[in-house]
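Starting off, we have a lone chain in the form predicted alone, written out as structure tokens.
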């Protein structure tokens, strides 16, 4: 298949999958729903066209398997089928379709690989329907908490019941745990969800790490007062202190390589137009591809908040409410992706992922790597989300080349080092 045709084919499959959605703008496809079932039917069709044997595991993960020689290890690829509410047609699902199309190309060329390949379509990565996520990869890694089966959606339907109604056996989840010794690694393809690749004029990029995350709850307490009678120099304005902290956080992130920072919520009391705010509560989120960078930023944030509060005569309560370690991508798999991109004529910049992906959970099982495609205007989780056919075609080329290269490395003991997982 020629390069333009390959991208058009990908677009056609994704357009069909986008129709597997609740009514309304964009794509709304939640796990264990009729829309999920419809998407599985289309994914099964494209997988079978590529010569893959298709099955559904107890977590609702659709698996397309290209068998290898007896006893051969397996290379895992894929992403998730679900979306956010009124999301886009590419997030997650593109990372299932494009690896299948790469395998279809290799099949058409008569390429035989010395290992098995599985393309996985996980049921739930977004965590929109249930207050849990990443069940599919966590089940494979043996890290899924079975207590999550009792969590319910907004209609009162528990995860266990939803899975059973979908024809699954949730009590079998512990049996899904894979043996790491039999896995070469995991590669996830995903749209960037940001503007870096588009600005660089490149169709694909290599992910260095999934950023770690930490969140802080901050409360600054001053003294509420009448806004028309309390002199400015005598005020203990909690909002003014919060504003200074927000700007200090922005400056810290701009001055620290790789650090992203955000204040996403802010509440003030008493919340009257003519009252000096006496208390402000806000949330701070820090993300960085390096846990050391993130930890230093958290400590510096605490220092600056304390200094601002002391200077302004404010009380300060600050608590770290959440922490998630960064997930570095395996150097060997990133090197495979880089070589494959170069050999297909792509420069493929290296960049971190600020968003979390299935890869973060798969890292508990095996070495991981990620390939990004550019997306129009950096938009994602929105009906306007879009990846152009040329970028998808370039990604298919890179994935197909990786499969060839890994095959050669596996057969001939690659000179650049051992095969990941061995």
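If you're wondering where the values come from, they're calculated on a predicted model, not measured in any experiment. Numbering follows the first chain given and starts at 1.
Note that the form predicted in complex with a further copy of the same chain isn't included here; everything after this is about it.
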property: Non-hydrogen atom within 4.5 Å of a further copy of the same chain in the predicted complex for each of 165, 169 and 184; result: no
property: Per-stretch contact check against a further copy of the same chain in the predicted complex, the hit in 74-82, 273-281, 116-124, 103-111 (non-hydrogen atom, 4.5 angstroms); result: 273-281
property: Contact label in the predicted complex: residue 316 to a further copy of the same chain, heavy atom within 4.5 Å; result: no
property: Residue contact check: residue 355 to a further copy of the same chain in the predicted complex, 4.5 Å heavy atom; result: yes
property: Interface membership of residue 303, a further copy of the same chain in the predicted complex, 4.5 Å heavy atom rule; result: no
property: Residue 193, heavy atom within 4.5 angstroms of a further copy of the same chain in the predicted complex; result: yes
property: Contact assignment for a further copy of the same chain in the predicted complex, among 134, 173, 326, 240, heavy atom within 4.5 Å; result: 240
property: Heavy atom within 4.5 Å of a further copy of the same chain in the predicted complex - the one residue of 201, 345, 156, 264 that qualifies; result: 264
property: Stretch 121-146 - residues with a heavy atom within 4.5 Å of a further copy of the same chain in the predicted complex; result: none
